[in-house]
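The form predicted on its own is given below as one chain in structure tokens.
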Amino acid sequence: MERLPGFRDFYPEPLPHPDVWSADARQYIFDQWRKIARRYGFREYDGPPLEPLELFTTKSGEEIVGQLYNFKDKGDREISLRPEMTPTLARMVAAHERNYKKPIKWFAIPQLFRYERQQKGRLREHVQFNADLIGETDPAADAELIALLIDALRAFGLTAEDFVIRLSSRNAWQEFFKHGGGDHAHEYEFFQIIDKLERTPPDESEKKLSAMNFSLAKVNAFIDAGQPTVELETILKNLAARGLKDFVKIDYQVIRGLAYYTGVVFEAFDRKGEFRAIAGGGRYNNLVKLISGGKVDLPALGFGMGDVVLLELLKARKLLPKFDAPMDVFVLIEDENLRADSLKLVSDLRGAGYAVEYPLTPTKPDKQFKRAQELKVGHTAKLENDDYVRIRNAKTKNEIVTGLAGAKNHLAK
């Protein structure tokens, strides 16, 4: 039986073949994300993978339904697997924001689902690192979040030669649109055109812009000038003070197609241009108010970083560690009369924090040694009798005989 298209199986290393996904690599990525987020004072949250369909249509409109795994449940409720985490976050914050001091700094690592065409770097399921900062309007919050994104990528060994944060502003584009005589009713449509400039033939973009009384030449001139707004200049100075200026650049080509962004927006790209965007985010000051029906009004900003593109990038740059998962100890049981006492030794060593394996059934000594070598254990341990255990260092071959109580202390040394 085959798995569904666009979904993944994750196997422990060593992988059966190069085209399957590594459970060890995925856990490594999760561990790095959590470590960096906590250094920045972000707290982890989570929400249900199923949400009311209305939560996502309220944010993104009815057109999003075509991209969702949505259905009616047995209670005749219209529901959907979550395609993104931000609406859930906005719902949760709106419900209990009074219980948390501002700014709220939260992160999550949700599994997300979208029913869309598969392509390189995009599947129908992925896991995403979401970090959001809620309740602060100052650009210092934007700089803090971008610094978190930079350090989250640096944690994997990536440098300024590997990736860049392209920094832009919806406010700057709104001013350009307004001064160019654009009709407010078509502002979102204009943003969609700008968002797709890199992926659309120039003559097609020219035609669409001309219909709004704009020219591609003027749009390109605005992008090429790259004149930072006051808020962007503040962010650049903040990041420069941290020694991170080489990781960011102003690029008005970035506009983010999502309708709810309200200010600074940004995307992380690999410098060689081999992959899709590694991460993206920005300010969405109106979302909490929208989701809460106007009851709670809090400014917010955040970003999302998917595991698919990141893993492809780390593979390409050869930055993934080896996932050997060696065991600490293999307890040899050559005398079945000592199995009960050996099991007690196994339990004691595991209780002390060691990874321990042993033969589940009577097994010849040579096969036990072979299994210990396959597991790349640090030590073997074998009961000599009811009171003594022989411990051998698998690398140096040095051995000692110690009492059962002293086995844990010897391994600790």
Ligand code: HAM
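Bear in mind that the values here come from a model prediction, so they are computed numbers and not experimental data. From 1 onward, residues are counted along the sequence shown.
The discussion below concerns the form predicted in complex with histidyl-adenosine monophosphate (HAM), not included here.
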Legend entry - in the predicted bound form, the one of P103, G302, P299, G263 near histidyl-adenosine monophosphate (HAM) [non-hydrogen atom within 4.5 angstroms]: G302
Inset, instruction - Only one of E233, E116, E274, E187 comes within 4.5 Å of histidyl-adenosine monophosphate (HAM) in the predicted bound form by heavy atoms, so just point that one out. - result: E116
Inset, instruction - Spell it out for me: taking histidyl-adenosine monophosphate (HAM) in the predicted bound form, does every residue among W173, Q192 and V248 have a heavy atom no farther than 4.5 Å from it? - result: no
Legend entry - Proximity of R122 to histidyl-adenosine monophosphate (HAM) in the predicted bound form, heavy atoms at 4.5 Å: yes
Legend entry - Any non-hydrogen atom of E84 within 4.5 angstroms of histidyl-adenosine monophosphate (HAM) in the predicted bound form: yes
Inset, instruction - Spell out, yes or no, whether the shortest heavy atom distance between Y284 and histidyl-adenosine monophosphate (HAM) in the predicted bound form is within 4.5 Å. - result: yes
Inset, instruction - Answer with yes or no whether Q128 is in contact with histidyl-adenosine monophosphate (HAM) in the predicted bound form, where contact means some heavy atom within 4.5 Å. - result: yes
Legend entry - Answer range among 240 to 248, 275 to 283, 70 to 78, 203 to 211 for contact with histidyl-adenosine monophosphate (HAM), defined in the predicted bound form as heavy atoms within 4.5 Å: 275 to 283
